[in-house]
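Just one chain follows, in the form predicted on its own, and it is written as structure tokens.
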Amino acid sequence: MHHNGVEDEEKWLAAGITGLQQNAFYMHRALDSSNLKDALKYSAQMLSELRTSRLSPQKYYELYMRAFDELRKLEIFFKEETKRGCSIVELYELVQHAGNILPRLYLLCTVGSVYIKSKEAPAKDILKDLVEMCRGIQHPLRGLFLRSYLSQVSRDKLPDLGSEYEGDAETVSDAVEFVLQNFTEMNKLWVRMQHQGPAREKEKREKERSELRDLVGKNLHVLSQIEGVDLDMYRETVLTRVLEQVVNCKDEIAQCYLMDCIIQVFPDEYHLQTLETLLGAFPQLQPSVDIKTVLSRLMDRLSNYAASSAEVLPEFFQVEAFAKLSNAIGKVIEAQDDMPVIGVVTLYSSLLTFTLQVHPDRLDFVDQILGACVTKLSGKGKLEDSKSRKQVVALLSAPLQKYNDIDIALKLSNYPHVMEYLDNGTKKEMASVIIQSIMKNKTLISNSEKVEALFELIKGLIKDLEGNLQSELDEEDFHEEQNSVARLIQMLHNDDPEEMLKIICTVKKHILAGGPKRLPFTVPPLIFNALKLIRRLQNRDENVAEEDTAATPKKIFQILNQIIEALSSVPVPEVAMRLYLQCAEAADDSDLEPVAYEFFTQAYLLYEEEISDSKAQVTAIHLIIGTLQRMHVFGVENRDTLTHKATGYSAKLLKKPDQCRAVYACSHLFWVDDQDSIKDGERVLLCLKRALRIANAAQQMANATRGSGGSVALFIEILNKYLYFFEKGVTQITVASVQSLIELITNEMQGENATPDPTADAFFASTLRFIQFQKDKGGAVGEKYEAIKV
């Protein structure tokens, strides 16, 4: 066995198969001629091939399976012989004359199987005899396969309850005793393999052993199938003896595999009722055994058992499963000082899953697990290894998935402490998980303490954490993250204005500390949430004295002003200006003229100092005009000042067409339907005339630069404004002025320098059709329009 090359092994296997097949051939001839003597002789020679020590377990298995198939045929022959009058007892004696012990024992097991079936002797006696006899083979590989054969031929002949081989009394314990004895001996042989051969081949031996483990594990499966093994017998005999063997073998591979086998093959209710015994074995295992995986599997099985039916839950309470598991985990972690973080977190994660399944109402248990996890992680710093981080995320996500309510997580005092051990990237990931949970379950966060706790949990998204360079993050991802925070801000709500104001102040504190890059995303939702509160206050009972309450619109507007001011550090003047105008409208609804004026002033300052892009200016001026037109709160002086400014800005826009449109839009500032105080026809006409002059100038510029007249669209737009105010009853807009404008447009369109413009043509035709339609209406309207000729 000095040279163990793959080629040599193939040769030896081929030689073994050849020898086996030759002897099998002669054995078949003897079987066909019912020659018992020759059958035994050739079968013994055939089985002698299994005496080899040259093959690896894998190759030996190939040889064994061929021999196994032949032994099946031999067993059938023995059955036939007994039917023909051959005494089974004599046959049992006869096979023991085989020269070599290994063939002798294989033949003995084969005849023993027939002997049990004949029922000429109690099954328990024959089984006991066979299991004792097999001790004659102490070579690990040969012994394992021999005992595996014994297990295979006897498994359907055990004296079990309800079995045809059941004896008079205590037969189940005989069956259990037989299987346990065979298991114990097989385990000893399997463990002994580890200590054979040179140290340099340790890895190879471990691989070979793992290939053979199922031979040993099958015994536990057979035990679990014995009907007569009730809970008492399992507790008193089976588990005690199996664990004794597992602990005493002091072998890492055997302990890890067999503990897993016990958990997998025996029923869940048995595990639950014998939890203390089973868990008591864990600290006695070798330090190198991967206890975390085995223990986690046990907890996963128990969790699934608890989930299978609510009826089984009282069993868990009765045996105090949580306390026992928690205690066992503590002992295991204590016993293994060098257990990696992933092991610790995996164990607590499995315990948490178990607890959420069995004791969903016991938040103290959940917090206790998180607290124990914090204790074990303390002093370890941030988790470096990605698997550990992933496991912590799973641990923290479990309560969210179970309760579908962030409120529950916020009650867990140790929840944020566990998060502290995550690196910045994973903290963000966890924060996103929390926000998704809130959005999915539409959870409203309803008081400032909860908001404070929540923002502490998601601080990875709302501010730059130490050592976290923003540039590392992809711009698109950053926008997505901040949009999720913006959506979260809309989920903060309380019907009590006082509490809602506290929430707004809490959020303000957090988002203003979040750095300028985040403000354009987080400030607008906070402003609109606060404006919602102001609208609610406006609708509140007027009798509530303002001094009795802290949440007054005035106070909230002061806070809003501070928040919008913070945007100047970004800068995003367009966003800030829109927000000032929104606040001005809300102040208008609250009848707070000074506040509304202040917001307009701020918007105007931004327009003058910050908004320089011509397109942005156009958008901004139309927003200003539109908002100002809807304001009711201003006195004459304030309104004049703001209107004067707006018309001044309009006339100073860069492009003439933009100037023209902004100026004619200003005409609406002097005539508001529902305010009698704002009906100044003179100034409406002034604005429209000014717009006409600008449109004319634009036309001349086009003529000078392009050599052709520009579009007449501006004139048609102004005509529409004339008609609007004409219909509203502005006396200064006369039939003559409308008529002259129609003629001007007609002449322009027919002039030699006119540029064809189908859109303008359609617009003009549509305007003329409207005039005709109004004429045809008859009555006062028809009379009014009658004088206009189209």
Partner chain sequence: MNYILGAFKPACHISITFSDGKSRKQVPLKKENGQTVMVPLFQSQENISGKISIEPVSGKKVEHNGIKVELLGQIVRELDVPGEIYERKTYPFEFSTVEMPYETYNGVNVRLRYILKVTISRGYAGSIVEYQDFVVRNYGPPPSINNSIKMEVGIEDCLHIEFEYNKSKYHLKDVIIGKIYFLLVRIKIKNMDLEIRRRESTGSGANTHVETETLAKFELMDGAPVRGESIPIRLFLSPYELTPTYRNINNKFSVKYYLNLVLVDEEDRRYFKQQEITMFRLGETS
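Everything quoted here is computed from the prediction, not taken from an experiment. Residue numbers count along the first chain shown, from 1.
Below, we refer to the form predicted together with the partner chain, which is not included among the displayed structures.
This chain appears without its partner; in the predicted bound form, the one residue of Ser288, Gln675, Gln96, Thr705 with a heavy atom within 4.5 Å of the partner chain is Gln96. This chain is displayed alone, yet in the predicted bound form one of Arg297, Arg578, Lys450, Lys188 has a heavy atom within 4.5 Å of the partner chain; that residue is Lys188. A residue is said to contact a partner when one of its heavy atoms sits within 4.5 Å of a partner heavy atom; Arg135 meets this definition for the partner chain in the predicted bound form. Remark: Asn100 counts among the residues lining the partner chain in the predicted bound form, judged by a heavy atom distance of 4.5 Å or less.
The partner chain is not shown here, and in the predicted bound form it never comes within 4.5 Å of any heavy atom of Lys390.
Remark: Arg51 counts among the residues lining the partner chain in the predicted bound form, judged by a heavy atom distance of 4.5 Å or less. When contacts are defined as a non-hydrogen atom within 4.5 Å, none of Arg205, Arg209 and Lys250 contacts the partner chain in the predicted bound form. Contact with the partner chain in the predicted bound form, judged as any non-hydrogen atom within 4.5 angstroms, is confined among 113 to 121, 423 to 431, 218 to 226, 136 to 144 to 136 to 144. Annotation for 608 to 638: no interface residues with the partner chain in the predicted bound form [heavy atom within 4.5 Å].
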